[in-house]
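Shown below, as structure tokens, is a lone chain in the form predicted alone; questions about how it binds or moves come after it.
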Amino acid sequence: MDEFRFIDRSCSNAEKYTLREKLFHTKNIQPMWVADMDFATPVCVLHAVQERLLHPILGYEIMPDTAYAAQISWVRKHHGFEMHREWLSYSPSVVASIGCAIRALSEIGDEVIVMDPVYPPFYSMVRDNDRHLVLHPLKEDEKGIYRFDIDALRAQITPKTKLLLLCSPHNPIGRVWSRDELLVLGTLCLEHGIRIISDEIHSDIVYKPHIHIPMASLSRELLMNTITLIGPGKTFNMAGFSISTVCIASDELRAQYEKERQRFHFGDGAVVSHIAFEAAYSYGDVWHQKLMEYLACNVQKIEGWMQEHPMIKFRPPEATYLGWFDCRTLALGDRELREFFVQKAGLGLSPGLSFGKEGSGYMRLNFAVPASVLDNALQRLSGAIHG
């Protein structure tokens, strides 16, 4: 597919390339760590931005209602969740939204539940805002499926527990939480007055037959108790536009969040971001379908490789374009494991330990790359194992 051809990013300021030497102490690696795609952003987005740039003035502009309407329509069609315009506000990133929501809905010293392993900013946003982390370890069952333990989680809750950070779908383990799992978790939070901050940025990268269910869509009570964080960055490979949205149905919670948002002056974003956002949600459906087909083929490619290399285990993700590689059979410490991938395989992956203690012995690989790039990475890894 021409949309997913190889594009050389090494001459750009792409983070995964410019930080190679700093993070891996060499430039001679194939970087597969940062969670953006090595595919061209959809043509509909690029054309819309190009057309807007024909106007010679790029001043302050507000996020248009038509952009929000496009996202509302997308979420209704793809996830069956009916959002309202007044529930939505702009944010430069999901991480910024997490920090803002933590400050708005809790006090210094309050407890915030975070499931381990998880995207590293979940930890830093709690710590950097002087809240106390309550770590709930996710555990693999005999099939390699991660689950939370609702009884153990209940035992961790105290009167100081005010928030739960939910990653749904989950990064890095690739879980799509089932309706039953979400209902049990949501009910527990309602029983204890715990607000839910649900990061659903990967909600559009879900593989059949799995279906993403927004936490806020499950009941009226959970709608009023959930802050949902979404955006087009992962779906359409447009993280560089720095635009996402926060959805809060509760008037009370929204007022608290908005007060904090105004303190930090998020503003309304940049004009080209508004244009890109609206174009992606309005016209990106066909591109998105092709993307999911391509990513599914990459998953099959990794599965085939793993069958021939049983020393590394890989459960196909239910969502995301991130492979969670179980490398524990290699019997390497976490530092040695990272050195193995960098020095022997020439690959720059995200070390599992960066996602929390439960990530020890794992590595995360971004497979949103052209097939030729993935083939090369797997060949390098084969050579490292057998060399």
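From 1 onward, residues are counted along the sequence shown. Owing to the predicted nature of the structure, the values given are computational and were not obtained by experimental measurement.
Not on display, but discussed next: the form predicted together with a small molecule.
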State the residue from 173, 247, 163, 94 whose non-hydrogen atoms include one within 4.5 Å of the small molecule in the predicted complex.
-> 94
If we test each of 236, 281, 177, 119 for a heavy atom within 4.5 Å of the small molecule in the predicted complex, the one that passes is 119
Mind telling me which stretch in 294 to 302, 163 to 171, 78 to 86, 146 to 154 gets its heavy atoms within 4.5 Å of the small molecule in the predicted complex?
-> 163 to 171
Would residue 342 show up as a contact with the small molecule in the predicted complex if we use heavy atoms at 4.5 Å?
-> no
Flag residue 202 as yes or no: does it have a non-hydrogen atom within 4.5 angstroms of any non-hydrogen atom of the small molecule in the predicted complex?
-> yes
Could you tell me if residue 49 has a non-hydrogen atom within 4.5 Å of the small molecule in the predicted complex?
-> no
Report yes if any heavy atom of residue 35 sits within 4.5 Å of a heavy atom of the small molecule in the predicted complex; otherwise report no.
-> yes
